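The data below hold one chain only, encoded as structure tokens and taken in the form predicted alone.
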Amino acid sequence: MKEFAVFWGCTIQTRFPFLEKSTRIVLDEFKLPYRDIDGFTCCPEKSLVNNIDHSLFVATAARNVALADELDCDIVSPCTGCVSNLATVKSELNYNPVDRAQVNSLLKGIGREFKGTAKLAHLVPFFHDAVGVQRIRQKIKKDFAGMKLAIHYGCHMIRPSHALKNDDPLNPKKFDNLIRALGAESPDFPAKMMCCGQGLDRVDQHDYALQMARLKLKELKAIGADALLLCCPSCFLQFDNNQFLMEKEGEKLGVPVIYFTELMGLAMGYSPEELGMNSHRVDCSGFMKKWDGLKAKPVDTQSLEDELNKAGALG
């Protein structure tokens, strides 16, 4: 496997360092060839920077990609927004030589050049495609059989599809496949592909942001989901922090929010404390109590493999 740089973005390291911790634990457990790059900046964030100055948005993203280009490594990110923004700019510059020349003329002043050779991947499709469900199953010490774990893909893990090209943007399967590889049920539900709504908080529409979160959380309660699984720090902020705020106002929603790398870490034998899950705002103890009470058993590998083959997941 080629060496890759982890693009952490702004939100994980400044607001949720425990998500960085669980991600590093999982990457180390699989002995993956990752590195950190000194000099990465904000991706930059699309809804704010791009709406103010598109040229600044493009130049900033191009500079970040150029850092990986220079070191001949790829980029993998546990932030859906970061990889979506970087992939958007990379695609734009690769197909527009005029804009590419203008950006490189600007980058030349700081000794950089955008080549666009670094491949970009979000953590979930990366684990599905590059690590693989077979290797993941080999690491499981206790699976999640008997648990119903609802997935939130979010807006940016698979979009823009023309730039990312990592899953079906209307009917994605890779995150589901990974959760099933860990033994859990991944239910379909009407609001599964709905935006989390966190972006509304950025434009001073907090009440609408809460309502977006409320719609999905109530639906998850209705279908009996044991937890909400996601892999985006903005979505985590929305469903963990904003759910906590709603609970302070008397709404007893009680849906644990778990990051993909935290779930992987639990399956591999790490404790919630080792993974930093005690830093969540919404209590996960009910989820852990139910899981601890289930008898550990191996994943039914043959039926799972048959299911994934039908979905085309194993090639």
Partner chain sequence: MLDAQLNMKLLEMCSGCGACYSICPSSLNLPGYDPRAVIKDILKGDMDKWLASKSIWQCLECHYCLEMCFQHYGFENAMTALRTIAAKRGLHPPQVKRGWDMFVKTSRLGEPALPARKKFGLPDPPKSGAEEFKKLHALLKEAKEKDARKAHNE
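Numbering follows the first chain given and starts at 1. The model shown is predicted, which means the values in this text are computed figures rather than measured ones.
The form predicted in complex with the partner chain is left out here; the points below concern that form.
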{"query": "Candidate stretches 122 to 130, 141 to 149, 225 to 233, 207 to 215, one within 4.5 Å of the partner chain in the model of the complex by heavy atom", "finding": "207 to 215"}
{"query": "Contact residue in the model of the complex, chosen from Asn241, Gln102, Asn94, Ser186 - any heavy atom within 4.5 Å of the partner chain", "finding": "Gln102"}
{"query": "In the model of the complex, the residue from Lys248, Lys31, His54, Lys289 that sits within 4.5 Å of the partner chain by heavy atoms", "finding": "His54"}
{"query": "4.5 Å heavy atom contact, Asp176 to the partner chain in the model of the complex", "finding": "no"}
{"query": "Partner contact for Gly116 in the model of the complex: the partner chain, 4.5 angstroms, heavy atom", "finding": "no"}
{"query": "Ile110 within 4.5 Å of the partner chain in the model of the complex, heavy atoms", "finding": "yes"}
{"query": "Any non-hydrogen atom of Leu294 within 4.5 angstroms of the partner chain in the model of the complex", "finding": "no"}
{"query": "Full three-residue contact with the partner chain in the model of the complex, heavy atom 4.5 Å, for Ala5, Tyr270 and Asp283", "finding": "no"}
{"query": "Stretch 24 to 57 - residues with a heavy atom within 4.5 Å of the partner chain in the model of the complex", "finding": "Arg24, Asp36, Ile37, Asp38, Gly39, Phe40, Thr41, Cys42, Pro44, Glu45, Lys46, Ser47, Leu48, Val49, Asn50, Asn51, Ile52, Asp53, His54, Ser55, Leu56"}
